[in-house]
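One chain comes next, on its own, written as structure tokens: the form predicted alone.
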């Protein structure tokens, strides 16, 4: 199929390619870093239980909605809404524009954090954490992010790596790379799981992750789970709409979305199994929060036999997870620029990456030379995070639900999600239509209001 400028559109060639690419987008540092840290801060297994319910209410419906929009229009995030808005004067394509903006905002700070992960993989490989204590790992981290040259260099290494994959194209770049990286990620996770689960005292960590104490389910816990479920699956930022446009007509969209949600949750739980048993085995606290990845984990892994090897594996798998997510984020503006403005893939990739690196440097330097520079009371890092996580993404998620549930409507949903009636899933689609019309928008609205501080539990 040709785009607006006569270019042939690529697409995913196999069902495995669809699953690998979309799962690669969903799996990111949120699985390896945010999910364990938020689980530790919100009571363990009870939080996990609530999170799984929220995935069904928010993450899965919005993902299916984005798949429907992308495949039905066969266009980039902006072009897809423009094609499908047709009758009426409502500028739904602005939802697509918001998705492109969100991709940039996220990459401004995400590439910096990914750079930290790449750097820590290198540090672990070279033995920088050998024999360190928890206090020393804290010093290593603060010294590293307090410098300018190192974090900036690693941020650009991240951007060069991701750009090379995007330039190779949808089939030879995105599909091939995610099909290669995801099995490696799972193997490394399983190896880390085996090591963690065989430690004396590891059972306490397993119990913490899987035996819920429902007395710990409070309003703040529910709101935290709602927010994580929405952000974890890469929805609301145009990635799943863009990837949906590369999915073939014979693919079962609801089934693929369910597989991605299941596999993504599995990765998060495996990450928890790699972390919490080790944390409990060596007497560390599970509620370390964001410092869990860069301070607690190096100290924990260095305490165990063959700690350097397993720490290196852990940060390599974290780097792989971050790379898959960034591939999908960079592809959003690249698809938009190539299809809507006729740019070559190389030009669109290089200029998008350059913009992300240039503005993203402000976020990276927010922990060093720009730490005292505030905009609206926030550092550049916190500002980009706040704008994307608390405003652009939730608003985009609500609009996506309204667009699919009310603008496209049940008939178009049934046609696209049942492959023209060839898949017998009418009952499932009736439930989906109800959820995407009434349940998911309200749940995401709660995320929005909570993020803006309008409601506080």
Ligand code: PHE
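Positions refer to the first chain, counted from 1. C-alpha atoms forming the largest set that superposes within 1.5 Å between two forms make up the rigid core. Being a predicted model, the structure only gives us computed values, none of them experimental.
One more form of this protein should be noted, the form predicted in complex with the named molecule, which is absent from this view; the next part is about it.
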Non-hydrogen atom contact residue 28 with the named molecule in the model of the complex at 4.5 angstroms:
yes
Is residue 116 part of the interface with the named molecule in the model of the complex - any heavy atom within 4.5 Å?
no
Wondering, does residue 234 line up within 4.5 Å of the named molecule in the model of the complex on heavy atoms?
yes
Using a 4.5 angstroms cut-off on non-hydrogen atoms, would residue 110 count as touching the named molecule in the model of the complex?
yes
Each of 80, 100 and 242 within 4.5 Å of the named molecule in the model of the complex, by any heavy atom, yes or no?
no
Out of 279, 292, 124, 325, which one falls within 4.5 Å of the named molecule in the model of the complex, going by heavy atoms?
325
Identify which of 166, 106, 267, 257 has a heavy atom within 4.5 Å of the named molecule in the model of the complex; exactly one of them does.
106
Just one of 271-279, 342-350, 199-207, 225-233 has residues with a heavy atom within 4.5 Å of the named molecule in the model of the complex, so point it out.
225-233
Is residue 36 one of the residues whose C-alpha moves 2 Å or more between this form and the one not shown after the core fit?
yes
Answer yes if the Cα of residue 51 shifts by 2 angstroms or more between this form and the one not shown on a rigid-core superposition, and no otherwise.
yes
